[in-house]
Structure formats: structure tokens, C-alpha cells
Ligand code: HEM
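Take a look at this one chain, the form predicted alone, written out in C-alpha cells.
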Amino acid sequence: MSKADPKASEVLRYDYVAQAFHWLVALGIVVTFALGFFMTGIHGISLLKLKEYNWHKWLGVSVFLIALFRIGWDLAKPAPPLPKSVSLVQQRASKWMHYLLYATTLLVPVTGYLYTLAAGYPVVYFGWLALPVFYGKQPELIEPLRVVHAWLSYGMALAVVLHSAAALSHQFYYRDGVLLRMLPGRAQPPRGTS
């Protein structure tokens, strides 16, 4: 059996800007989701709960902004091609998973923002930048927006888990170097190809 051509089997990585955006969004999603889960479990009104809600909102806005930059960067510099070993079905699944992640990464903060406005609480980003108020308190919108925001958040969490599981399966089961595309370092062949 002949050795694979090292150049043909190199892992083509995302550039450092795309990697930075990816990991910032990922960290932001995990922290914001955990904070949201924690703060909704605090009963009554307290200073801690108000602080948690503010940080949740600020992080949500930050994730939204970083995700916008990430999408813009991806449009300007498309993703490197997947290794040839990745099947057509997996490639399509990856494409649609990325669409789902992008959509939820934008929709979750938007619905949270609209929910906050409906509850009558304008968002002042990190306590110094007042964000636009599109409408005043809307009691009839509070519960529907809360439910949509919550379900989109759970959907996003599920998508993140599936995306992570797929990346790990490519790393440890298929051993095709897909996970390495989003990690810093120079291009290198996947295990077992040389």
C-alpha cells in the first residue's frame, strides 16, 4: 500500500481571525446559556439576580455582535474545503448545521432583546451605552417572547452539542483532521494518512 501524498492530505485550517471569532462565539454561548439557566433559578428579586440579568443581556449583545462579524468574515473568506474523506452526506449536514448555528446565534439575542424591551427594561450595554428602544412596555408580548427566547436557546444548545459531537467524532473516530481546521497551528496530514 503506497503512502498518501502529504500535500493532498494536508488539513486546510481556517485563518486565525475566523478561529478567534469561532471560539469567542462558542465561549460566549456557553457562558451566556449557563448564566441564563442559573439566573432563572434564583427566586424573588435580589441584587444578585439583577446583576446576573444585566450580565446575561450584555453577553447576549456581545455574542450577537461577534456572530455578525464572524458571518461577515465567512462571506469574505469562505471556509477551507473539507478533507476528501468526508462524505457528501456529512458535508451537507455540516453546511446545514452551520446555517442553524448562525441563525440561532442571531435569533436568540434578538428575541432576548425584544423580550427585555417588552418587559420595560431598556438595555444599557455594560452600563454606559443605551441601546435603541423600539417600543415601550408591552405586557402582552412578554410571555410569548420569553417562550420563543427560551426554546430558541435550548435549540441552540442542542445544535452546539451536536456540532461538538460531530467535530469530536471526526477527530477520534474518523481521524480525518476536521477538528484541526479550527485549531491554531500549521497544516498537517490527518493521522493514518502518511
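On a predicted model such as this, the values are computed, not experimentally measured, just so you know. Residue positions are given as counts along the sequence shown, with the first one as 1.
Below: the form predicted in complex with this ligand, not depicted.
Engineer: Can you work out whether residue 146 and this ligand are in contact in the model of the complex, taking contact to mean some heavy atom pair no more than 4.5 Å apart?
Structural biologist: Because a heavy atom of residue 146 falls inside 4.5 Å of this ligand in the model of the complex, the answer is yes.
Engineer: Hey, in the model of the complex, does residue 39 get a heavy atom within 4.5 angstroms of this ligand?
Structural biologist: Close contact exists here: in the model of the complex, residue 39 approaches this ligand to within 4.5 Å, heavy atoms only.
Engineer: Is residue 116 part of the interface with this ligand in the model of the complex - any heavy atom within 4.5 Å?
Structural biologist: Within the cut-off, so yes.
Engineer: Using 4.5 Å between non-hydrogen atoms, is residue 154 touching this ligand in the model of the complex?
Structural biologist: Output for residue 154 is yes: heavy atoms within 4.5 Å of this ligand.
Engineer: Hey, which residues along 89-109 are within 4.5 angstroms of this ligand in the model of the complex, non-hydrogen atoms only?
Structural biologist: If the 4.5 Å heavy-atom criterion is applied to this ligand in the model of the complex, 89-109 yields 108, 109.
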